[in-house]
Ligand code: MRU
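Okay, so here's just one chain, in structure tokens, the form predicted alone.
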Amino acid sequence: MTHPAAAPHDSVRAVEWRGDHLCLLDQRRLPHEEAFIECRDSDEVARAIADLAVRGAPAIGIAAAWGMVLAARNGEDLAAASARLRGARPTAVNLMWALDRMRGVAADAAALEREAQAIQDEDLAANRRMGELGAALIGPGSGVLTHCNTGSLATAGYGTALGVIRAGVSAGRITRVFAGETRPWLQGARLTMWELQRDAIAATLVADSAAAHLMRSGAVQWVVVGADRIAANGDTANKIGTSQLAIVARHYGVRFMVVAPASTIDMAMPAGDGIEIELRAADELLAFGGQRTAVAGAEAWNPVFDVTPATLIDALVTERGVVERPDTGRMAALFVAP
């Protein structure tokens, strides 16, 4: 869905409430086709989340909130609907956060609709604020590498890590953008490159395995990524492959930035080793586009997230502020109420 730019390089909205149903841009079919899914009950929303038609931690939470609105409008059992939505993806804490927030609202559909709209509006405002804060950390003329998709497709709009890149390009601080392909679903190749090209931001696609060589070349000064869950000590779960980027970045003196709204931070999770890592079907690795690519009988292990230790993170950017070199004390100072 294309919208007139409310901010520079910001024209895409992937999750829209249409008054009586939820409309989702089907991200499985990008970049070749812009197709839409109309969800009219909570089961259809849960299926869209589980099947990756809608993806990205903030967008999942927003979609789930609207799923609760549909459940109320249809007279569904709200507890059962919430449980189905909660089980659609286990790692992204935004999903649980949004559902818990909706649970605290009166059960009538009108009140739930107001809350879901507030969640969506707040996310867009948070993304623009994070874009400003993150871009301010990047020196003029810098190159950045990003991983997976953290833009308008993954959020209410503008994006988290991609929001920083949008803001940095607009401010003249970022002059070179590289996107890793992000196997096995190719979110970088299919989605990030689609967004950047659509919003007139020049970018270069690289194979995931080229990241170390790229950083060694000096073309990149920052790696900028999103997050699906951040523990109380700053350990960060994000798309598989993120932790190895952080390790290589530290080796080559490239700075590493995580960008995520406060709803992604799980202060009840002491450290990253307690975060549940979603395992998806082996077929996602053994085949591509429906065509088998591995020999018959081959087995595959397909975790879709990993955990980057806080010790490898130079800056955590949220709408509440920046935590440099996050640890338990610095996280508590910003995210625990006095």
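Note that the structure is a prediction, hence the values are computed from the model and not measured. Residues carry their position along the shown sequence, with the first being 1.
Omitted from view is the form predicted in complex with this ligand, to which the following refers.
- Query: If contact means any heavy atom within 4.5 Å, which of 147 to 155, 68 to 76, 105 to 113, 209 to 217 contacts this ligand in the predicted complex?
  - Reply: Partner-contacting stretch among the options: 147 to 155.
- Although this ligand is absent from this view, report whether Q187 comes within 4.5 Å of it in the predicted complex, heavy atoms only. Heavy-atom contact with this ligand at 4.5 Å: present for Q187.
- Message: Using a 4.5 angstroms cut-off on non-hydrogen atoms, would G61 count as touching this ligand in the predicted complex?
- Response: Looking in the predicted complex, residue contacts with this ligand do not include G61, since no heavy atom lies within 4.5 Å.
- How about A227: is it within 4.5 Å of this ligand in the predicted complex, going by heavy atoms? It does: once this ligand is placed as it appears in the predicted complex, A227 has a heavy atom within 4.5 Å of it.
- Taking heavy atoms only, is A57 within 4.5 angstroms of this ligand in the predicted complex? Yes, A57 is a contact residue.
- Query: Does anything in 228 to 244 come within 4.5 Å of this ligand in the predicted complex by heavy atoms, and if so which residues, in order?
  - Reply: Counting only heavy atoms within 4.5 Å of this ligand in the predicted complex, the contacting residues of 228 to 244 are D228, N238, K239.
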